[in-house]
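A lone chain, given as structure tokens: the form predicted on its own.
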């Protein structure tokens, strides 16, 4: 067993609890948050690949002495392979995604510390709990364990929304919680059906039972469980019909919070998506379902982004739409498409964080996110304008940035799988995304400055500028040398298929 694996979840949880104990001490909160944020990305780097069985409860087949003492119907049957405890799996996918998730988390915490004179301990608590929850989802091989931490992540996301000063934050948080009271129980009900069929909620056990014909993959109960879990997945990631509320969630949080919320959503998307793909890969129409809802999310979100004059809502819709590319990769279901989907998910965390924090600087300076009231800001901060422009280029898939590499892989996978229509749609959506972003960028930075526009804060926090430079540097490096991560993703997918 690798004892470092659970530390990726335990350390941020313990740190979050400690922050609540020192909630009245601003300096202590800042120092502790900064130190924990630095330590977190180091843990996945030091961890070796492998499994961690909580409580040492390994499958019976791993304990020869105990196995031989049991009746033959247990030692020779599927029960000997079942995981009786919670299992964490740490492979190349987890190593890459958790490392970059913690890097984004560190940058968001660093931005928050730099922008606020007083850093709320409760806000840092929520950020760390969100990071811990989605990390547990990505590591866990137990779908019920994933559900528990998914609910924790939802509560953390709602808290991050409420930490904003936006007048509509309470309304959006309430709507998201109401939808969660529907989506969460539906997801749990689907897991309950799986437990009834298989007798285990461990994903590896479920896959074993299905592939060996011990459960009829075409039975109404198994298919119904797929429908319930798939609906819960749509809610968790913000695909239609939940795309409007998800974009509103991003737009009502503070910029650093929005950046973290998108990173959490991406990891939730991938974690549950992989679980669904593994369990229901034998269902013939699963790819059609995923592709249909992904395309709907891309088209509807982009359409609403085009009509937006609020750049926070616009980026929120674009962020939701970009998740559809990940879904298309899962829907195609080939080694290349899944590798591209995972790469696209990683890129989304980095690119969207760049844009949320970049445009957050505009909000910090002007106190408005209405692009009709903005203009001429390139004179104030030309360097920031260039970074934001590069971030938009990366989202639209302009070479040589990272977004181009992952979208090119998705287009190639669609063509190689005889779906040229999907390739054309992806290219067209990228072009329209580019046009939508350029419209907002022109309105904010290039058009003449309105006479009534007041720059309330001309001194941009250095922390925000430094964070943007780091993020865009990552975009360039992953664009120029994508094999730094794609080789690891491809290795994981090879074992998955």
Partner chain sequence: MDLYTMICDSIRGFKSNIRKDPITNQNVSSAMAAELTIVSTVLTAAIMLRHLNVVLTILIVLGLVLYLITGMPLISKFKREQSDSLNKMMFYMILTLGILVTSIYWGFKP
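Residue numbers count along the first chain shown, from 1. Note that the coordinates shown come from a computational prediction; the quantities given were computed from them, not determined experimentally.
Omitted here: the form predicted in complex with its partner chain. The next part is about that form.
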Next on the checklist: For its partner chain, considered in the model of the complex: do all three of 22, 462 and 478 come within 4.5 Å of it, counting heavy atoms only?
Outcome noted: no
Checklist entry - Of these, 374-382, 213-221, 87-95, 256-264, which stretch puts a heavy atom within 4.5 angstroms of its partner chain in the model of the complex? => result 213-221
Checklist entry - Just to confirm, residue 333 within 4.5 Å of its partner chain in the model of the complex by heavy atoms? => result no
Item to check | residue 141: touches its partner chain in the model of the complex, heavy atom cutoff 4.5 angstroms | outcome: no
Checklist entry - So, in the model of the complex, is residue 429 in contact with its partner chain at a 4.5 angstroms heavy atom limit? => result yes
Next on the checklist: Can you tell me whether residue 303 touches its partner chain? I mean in the model of the complex, with a 4.5 angstroms heavy atom cut-off.
Outcome noted: yes
Checklist entry - Among the candidate residues 248, 338, 387, 270, which is the single one with a non-hydrogen atom no more than 4.5 Å from its partner chain in the model of the complex? => result 248
Checklist outcome for this item: Residues in 295-322 that come within 4.5 Å of its partner chain in the model of the complex by at least one heavy atom, in order, are 295, 299, 300, 303, 304, 306, 307, 308, 309, 313
